[in-house]
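Encoded as structure tokens, the following chain is the form predicted on its own, with no partner shown.
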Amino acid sequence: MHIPEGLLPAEQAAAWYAPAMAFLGAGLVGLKRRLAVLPSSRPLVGLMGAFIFVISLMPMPVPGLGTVSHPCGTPMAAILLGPLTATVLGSVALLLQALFFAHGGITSWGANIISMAVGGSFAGFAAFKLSRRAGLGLGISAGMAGVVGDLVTYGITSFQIALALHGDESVPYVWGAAFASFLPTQVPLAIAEALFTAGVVVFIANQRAEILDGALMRP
């Protein structure tokens, strides 16, 4: 993730901004409504925002792609707060990282929102929801959210890179090569994120079960 400044052609960078801003706008509306109805959720929102910022700021360079691997954090936030709120928190984290740490870029912010904030949040939330409906335990379902959200993030990033850099090769071929380049670093990170997500969600369920009440229904 964290596609850097200048890697994407200007027209592609602009095109990714359109859906990114749509999701971000919807998330901001939902977050405003949440805080109005449940002002007690402010500490959890702040904590999850800080968590995403910190965990996704631990980069591992990927040789040959000009980008990095790292955990995402958005799947856990999606379980606890819903995917739209997680999208907002991921977007803010990505913007701050681009402005102050040179991770990502302003022109590539829209593309990075789509991969980590949107893709990681919604894929992780869907994996959690489907796993729970299939009768899997809370820890396993949360772990599935972590690993699926993480890998989907990098699948989307690989597609974005393929669109930008495919040249005379086909987009699917370059996508496969890019995604394969991520896997040696990303698979261990995805497993670690799955274990951490599962542990935190189970701990919260045991200590503060009300936080998870209605988790599958939140925006």
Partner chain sequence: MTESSGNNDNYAWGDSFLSRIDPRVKIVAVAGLLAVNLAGASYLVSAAIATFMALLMVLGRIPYRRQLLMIAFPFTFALFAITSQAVFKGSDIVASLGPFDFHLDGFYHGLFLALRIIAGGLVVVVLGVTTPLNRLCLALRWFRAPATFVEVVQLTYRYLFDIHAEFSRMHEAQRSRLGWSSAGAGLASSRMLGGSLFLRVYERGLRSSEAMRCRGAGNVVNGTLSPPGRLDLVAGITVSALIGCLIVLALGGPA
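Positions refer to the first chain, counted from 1. Note that the coordinates shown come from a computational prediction; the quantities given were computed from them, not determined experimentally.
We do not show the form predicted in complex with the partner chain, though everything after this point is about it.
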Legend entry - Interface membership of Ile211, the partner chain in the predicted complex, 4.5 Å heavy atom rule: yes
Inset, instruction - Please check if Gly155 has a heavy atom lying within 4.5 Å of any heavy atom of the partner chain in the predicted complex. - result: no
Inset, instruction - Tell me, yes or no, whether Ala126 is in contact with the partner chain in the predicted complex, where a contact means a heavy atom of each within 4.5 Å. - result: no
Legend entry - Heavy atom of His103 within 4.5 Å of the partner chain in the predicted complex: yes
Inset, instruction - Let me know which residues along 38-54 have a heavy atom within 4.5 Å of the partner chain in the predicted complex, or say none if there are none. - result: Pro39, Ser40, Arg42, Pro43, Leu44, Val45, Gly46, Leu47, Met48, Gly49, Ala50, Phe51, Phe53, Val54
